[in-house]
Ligand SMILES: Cc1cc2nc3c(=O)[nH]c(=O)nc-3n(C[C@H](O)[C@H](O)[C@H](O)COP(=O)(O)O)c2cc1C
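This document starts with one chain, in the form predicted on its own, laid out as structure tokens.
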């Protein structure tokens, strides 16, 4: 596109406004239009080779969320936020996963399948090294955090609160959600803050000075 879609000040204002909301207003729901935008944003997040070795489980059923709450140590955003998203990574990568992705490339781009042979073999080689080397779960789980970042950023610019969460028992979440080939690695509660009852809302955002975390060479 090559054109500016947002001014610097508006971007930073949105990121300064957001925080890891602790108390949500259970009566306020994210609109269907805004939620569709958030889902599209996380789908557009980059991943290694574009394989997307993860999936997003959008949990709105109150009964399911009540079951999940004890597995998240009773944290209230699990049940009170408008939406709850579980980011689950694929536990392995097989040749069939790569082949399925290559077929999708051919379909979307109108590219003859045969012209993707070298790229397909490159991806299969990388996947095999990850599996044989015992780091495929680490590789895939790290990639699942990229769309989590996209969710937080998109929500902030839409004026919607979002809380990234790792405080939960993955095994229990996997069991309740019926996951076998995937495993939940992170959560995001999404909705609107209950500002009067959230102890964190009035506090200033604290970050290290730039010179402690940014190195320029």
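Remember, predicted model here, so these are calculated numbers, not experimental data. Positions refer to the first chain, counted from 1.
Another form exists, predicted together with the named molecule; not displayed. Remarks below refer to it.
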query	finding
Interface residue in the predicted bound form among 46, 167, 70, 159, criterion: non-hydrogen atom within 4.5 angstroms of the named molecule	167
4.5 Å heavy atom contact, residue 52 and the named molecule in the predicted bound form	no
4.5 Å heavy atom contact, residue 183 and the named molecule in the predicted bound form	no
Residue 195: touches the named molecule in the predicted bound form, heavy atom cutoff 4.5 angstroms	no
4.5 Å heavy atom contact, residue 101 and the named molecule in the predicted bound form	no
The named molecule in the predicted bound form reached by all of 19, 75 and 205, non-hydrogen atom within 4.5 Å	yes
Heavy atom contacts to the named molecule in the predicted bound form at 4.5 Å, residues of 138-157 in sequence order	145
